[in-house]
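Shown next as structure tokens: one chain only, the form predicted alone.
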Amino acid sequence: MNSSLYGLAAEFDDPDKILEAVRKMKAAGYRQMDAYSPFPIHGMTDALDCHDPKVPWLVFGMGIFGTINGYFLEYMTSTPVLDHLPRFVRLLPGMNEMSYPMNVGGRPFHSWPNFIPVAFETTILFAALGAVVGMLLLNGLPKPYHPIFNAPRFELVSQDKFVLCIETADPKFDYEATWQFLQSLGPDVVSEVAR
């Protein structure tokens, strides 16, 4: 097989046709494929079976990390906990500015209900940052180049065409058999995609 070949691309003019093509390719045993369209197609994510639980778990972990850090920040600044540290630690630069306990209205220093809003906000902040950074890293972005850009007429995907690409990395990929199977799905064009 040609090592400069990335895969085979089939171009469709209808979202229902490409969705049906993806389902038939999955039923035939193909797994390394991707679909490109000018707008989201209902059911395509399920048809491609591209559910990855890494980002939700990353968001959850970063949210817990934010909660703990927000609460710890308030606890360290609102209680005289640093006053119980050895003298040489309290004399380090910045240590005197960390703790600022205030007795307002006779309330206890560690008034946990007052700590909830800040802990909640840091949860949201860290979870949102985790979602954005995790999505970028796990998707391999930024990616200024992808072999699918070499597909003939791929620029039409941003207008009104739909492209299904079967990669050569698929264990079931056989050039002739895959070409014939793609042709049987009724695309407008089937073409090679170079690396």
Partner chain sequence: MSDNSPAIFPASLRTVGRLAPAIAILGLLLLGAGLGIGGSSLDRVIQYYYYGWIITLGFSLGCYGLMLLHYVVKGSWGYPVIRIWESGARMLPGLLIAALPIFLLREHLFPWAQPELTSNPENAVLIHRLGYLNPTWIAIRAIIYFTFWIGSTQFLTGLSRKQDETKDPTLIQARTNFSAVALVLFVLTANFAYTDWVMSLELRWYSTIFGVWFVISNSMCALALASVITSLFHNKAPYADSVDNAVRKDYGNLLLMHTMVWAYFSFSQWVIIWSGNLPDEIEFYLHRFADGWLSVGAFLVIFQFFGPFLLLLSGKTKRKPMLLGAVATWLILMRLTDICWQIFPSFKGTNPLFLVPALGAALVFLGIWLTAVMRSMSSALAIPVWVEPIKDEVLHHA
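Residue numbers count along the first chain shown, from 1. Quantities reported herein were computed from a predicted structural model and do not represent experimental measurements.
Only in words, not in the display: the form predicted in complex with its partner chain, which the text now covers.
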{"query": "L125, I116, L85, L73 - the one with a heavy atom within 4.5 Å of its partner chain in the model of the complex", "finding": "I116"}
{"query": "Contact residue in the model of the complex, from D34, D160, D170, D46 (heavy atom within 4.5 Å of its partner chain)", "finding": "D46"}
{"query": "Distance check, F65 to its partner chain in the model of the complex, heavy atom within 4.5 Å", "finding": "no"}
{"query": "Touches its partner chain in the model of the complex: K143 (any heavy atom, 4.5 Å)", "finding": "no"}
{"query": "Contact of W112 with its partner chain in the model of the complex (heavy atom, 4.5 Å)", "finding": "yes"}
{"query": "K24 within 4.5 Å of its partner chain in the model of the complex, heavy atoms", "finding": "no"}
{"query": "Among 143 to 151, 36 to 44, 128 to 136, 160 to 168, the region lying within 4.5 Å of its partner chain in the model of the complex by heavy atom distance", "finding": "36 to 44"}
{"query": "Interface residues of 51 to 67 toward its partner chain, as seen in the model of the complex [heavy atoms, 4.5 Å]", "finding": "F60"}
